[in-house]
Ligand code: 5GP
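Encoded as structure tokens, the following chain is the form predicted on its own, with no partner shown.
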Amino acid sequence: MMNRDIVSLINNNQEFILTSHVNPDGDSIGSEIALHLYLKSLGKNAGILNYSPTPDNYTFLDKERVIEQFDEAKHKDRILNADVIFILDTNEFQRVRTLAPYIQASKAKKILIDHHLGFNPELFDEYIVDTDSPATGEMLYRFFKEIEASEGGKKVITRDMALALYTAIMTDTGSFKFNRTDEETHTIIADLLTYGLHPYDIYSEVYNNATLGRLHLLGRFLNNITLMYEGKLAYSVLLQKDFEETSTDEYAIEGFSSHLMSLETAELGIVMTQTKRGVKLSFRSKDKVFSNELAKEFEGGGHKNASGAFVVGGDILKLEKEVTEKAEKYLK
């Protein structure tokens, strides 16, 4: 059933802020853009504020360049004075980083739309949560379709919204190969294609725009792969100097974890990335390995087979030892 309270909040308010997690991906960017386009179609004042910049391979979704990187002096009053704030694709305030205290202090109604584990309903005024959904974009699609049905079939989704939703679902399903990709996902994708989308063009925008530096970085990543526990654990470490020497940044590693999971014996893959603020840990796993439980040991979280954590100020050499040692019990 459509959440009528959320629809009512949209219809009866004017000032909206949308945000998502640090290091945004295709699902978070696509969901933000689709919802922003819907709100603008209703004549609402809506802004998208993210802690991190938009990765280059997703800027094609933001044709009007509406996504802004959060600047405390410039944006805090907009958050504090908003009527409604949407938090998309994350249920943890710590993952919106420096926006969090202003969102929590704001008089705005806080609405969550998310598909991750670990949801606390007390933190939000309204929410749509479905941990079985493969993407937040898929949840938004259903939300928009329910609005269309309630309005007698009046079209809500535009071509640009369809493009954003398709990208969200494509990227968070690993191009439709992850376990939670089901018949409903493909039915939704089939409908989105009726808006005149071209799958190859979208895939190319996201995955076929690598720089030479990114390929050099990938080479280092592959060369650094280490196997442990009879090959069940595969991990790789990237240091700050790797980014500097290849003229890339931490956002360039998106998708690298799939190379770990392509190994025949690998049941758990870990990408450890040294950043200026600390160490980013990205976990992927197969079948019965609960990567999110390992992520929790480092104050992270996520899905059973895809999760992450960030250790502020962490020493990557110490963490490499600690993470790999703690990983052993999840592989038994």
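Each residue number is its position in the shown sequence, starting from 1. Remember, predicted model here, so these are calculated numbers, not experimental data.
This next part talks about the form predicted in complex with the ligand, which is not shown.
At a distance threshold of 4.5 angstroms between non-hydrogen atoms, residue 308 is in contact with the ligand in the model of the complex. Using a 4.5 angstroms limit between non-hydrogen atoms, residue 232 is distant from the ligand in the model of the complex. Among heavy atoms of residue 116, some come within 4.5 Å of the ligand in the model of the complex. Contact check for residue 95: a non-hydrogen atom falls within 4.5 Å of the ligand in the model of the complex. The partner is not drawn, yet in the model of the complex one stretch among 57 to 65, 296 to 304, 259 to 267, 37 to 45 has residues with heavy atoms inside 4.5 Å of the ligand: 296 to 304.
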